[in-house]
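Heads up, the chain below is alone and in the form predicted alone; it's given as structure tokens.
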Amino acid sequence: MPDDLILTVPPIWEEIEGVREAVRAHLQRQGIGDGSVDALSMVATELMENANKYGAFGVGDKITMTLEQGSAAITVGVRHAIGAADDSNLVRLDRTVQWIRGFQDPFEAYVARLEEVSAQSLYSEESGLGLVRIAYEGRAILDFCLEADGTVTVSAVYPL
């Protein structure tokens, strides 16, 4: 579809800002409003950060980010390798997505996660806010699909 954007980048942190800018530019060319551009840029960035943080990459592996625009929604998907030996990240992803869905409103999940973060040690390295930000600030519905080839696609559907 002509309104789609597909980016394939190496799993390095320095690539994330380029993805954010590419998403912003693409959406602006499509005439998407500034509020939606900001939200979707954040969604793409958070998904890319999670892929970098939790993916299992070999030499030459890439992360693929897709942005598909439909008449009622825009879907951001990030596909990356997860590794067959350790499924703890996949279990955590599933648990987090289901936890967010358990709230009537994503704002409630966001507040609950912020309360958990505020109780953590200052030296804690993980906040767990990324997916909750996508649901609340990004107004997106989260899902994921595990592929037989050892990759996962995490998607966020943003209603227009």
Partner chain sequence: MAPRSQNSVVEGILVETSGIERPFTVTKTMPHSLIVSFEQSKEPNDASAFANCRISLGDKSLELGAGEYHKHPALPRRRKDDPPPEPGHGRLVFSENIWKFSSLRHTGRVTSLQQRVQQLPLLWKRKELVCAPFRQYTLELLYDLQVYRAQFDSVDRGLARETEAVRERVSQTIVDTQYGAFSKFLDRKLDELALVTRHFDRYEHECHGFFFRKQLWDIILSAAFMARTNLKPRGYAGDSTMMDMIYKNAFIGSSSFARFMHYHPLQHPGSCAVRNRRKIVVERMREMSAGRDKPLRIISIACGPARELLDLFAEPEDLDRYHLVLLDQDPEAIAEAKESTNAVQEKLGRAPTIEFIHGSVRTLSQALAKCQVEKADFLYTMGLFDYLTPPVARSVLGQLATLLQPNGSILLGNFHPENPSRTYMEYWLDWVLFYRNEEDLISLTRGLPVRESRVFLEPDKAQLFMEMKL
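Remember, it's a predicted structure, so these values are computed and weren't measured experimentally. Numbering follows the first chain given and starts at 1.
Below, we refer to the form predicted together with the partner chain, which is not included among the displayed structures.
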Work out which of the listed stretches, 35-43, 22-30, 105-113, 56-64, brings a heavy atom within 4.5 angstroms of the partner chain in the predicted bound form. 105-113
Could you confirm whether E17 comes within 4.5 Å of the partner chain in the predicted bound form, counting heavy atoms only? no
Close approach of I12 to the partner chain in the predicted bound form, 4.5 Å, heavy atom: no
With the cut-off set at 4.5 Å between non-hydrogen atoms, does L7 touch the partner chain in the predicted bound form? no
Though only this chain appears here, would D94 touch the partner chain in the predicted bound form if you measure heavy atom gaps against 4.5 Å? yes
